[in-house]
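As a starting point, one isolated chain is supplied in structure tokens, in the form predicted alone.
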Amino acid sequence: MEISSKQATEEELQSYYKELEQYNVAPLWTAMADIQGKEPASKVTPYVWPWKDIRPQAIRASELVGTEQAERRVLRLMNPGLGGRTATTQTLFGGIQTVLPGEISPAHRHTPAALRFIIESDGGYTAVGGERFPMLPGDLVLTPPWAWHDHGNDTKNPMIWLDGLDLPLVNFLEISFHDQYSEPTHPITESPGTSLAKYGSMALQPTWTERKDEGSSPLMYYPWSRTREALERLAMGEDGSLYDGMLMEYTNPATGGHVMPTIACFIQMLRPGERTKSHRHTTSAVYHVVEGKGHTLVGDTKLDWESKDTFCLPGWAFHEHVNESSTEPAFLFSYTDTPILEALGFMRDEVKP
């Protein structure tokens, strides 16, 4: 047995390839370099959406388009490397949603999983699965797949938040379903604070509730006041990660795992002047700057960021974070496609030599 050395002329090969087209087949060997390289080469561009640019456009959208016309008044964060797709990374979507005083966003449900990270708000609410959750800056509200939800602004100022969804993945799989509720709002069946009281602490949970893994977290509201307190308390006695600073994951209290089957959510604190070491992983990520000013190096690209900016990182790209303040910490919220890659066995990370 030996490796075949047959070699047709270029003219013969091109004639053969042309003939194959009528059968809707094509040779694999001519595409190997594009589909199976030595390592991943993401088309996702590292990119920052500065709040000073995006906020005026979000307000302008609210002046031009009503919630009846748009249903969800969202500006899509379009990655410049993905050719116009509704995608911030290959698997994740980010958008900026605005609800004006007195408005509601009508109730609906859909197969994509969603999260809301609040940027500006004096109150207002998101209702999910029969319970209303407050929406204050830094709060995280989850919307599991196929859960009824609506939003309302009962304050005197606009509410603006970051929407995060697994929309590109769901659309690629061609499994996007959407259902509009018959009324503008879904009935409220739980008193305020019910899920936080039941599931707000992994150490204490009611004994009469059935504990089962339904995929998404039964706790759908993670208030910033508790999140920040947990970070600062932990930072008093821990050094944190060399590669991510003081990084914590929002978890499902029923399992201790990720908050949703396709999306993992994280919060991290960079101490004053902290610079993390460089590493990379196969997961892609969307980041939002809760507080602080600094930059993130992604390969040779420098992403400058400050409070309320949003930026994204491709998978398998070396990156490091820098807090440029010598006196104040920086806080970064992020969501990733980690659960997908773990389920498929594609999780891999590497430290830069």
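Nothing here was measured: the structure is a model prediction, and the numbers come from that model. Numbers follow the displayed sequence, beginning with 1.
A second form of this protein, the form predicted together with a small molecule, is not displayed here; the remarks below concern that form.
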Inset, instruction - Could you work out which of 170, 74, 136, 82 is the residue within 4.5 angstroms of the small molecule in the predicted complex, going by heavy atoms? - result: 74
Legend entry - Residue among 280, 151, 186, 258 with a heavy atom within 4.5 Å of the small molecule in the predicted complex: 151
Inset, instruction - Decide yes or no: are 108, 116 and 165 jointly within 4.5 Å of the small molecule in the predicted complex, with each residue judged by its heavy atoms? - result: yes
Legend entry - 4.5 angstroms heavy atom contact with the small molecule in the predicted complex for residue 93: yes
Inset, instruction - Verify the contact flag for residue 97: yes if a non-hydrogen atom of it lies within 4.5 Å of a non-hydrogen atom of the small molecule in the predicted complex, no if not. - result: yes
Legend entry - Which of 303-311, 288-296, 38-46, 66-74 lines the interface with the small molecule in the predicted complex (heavy atom within 4.5 Å): 66-74
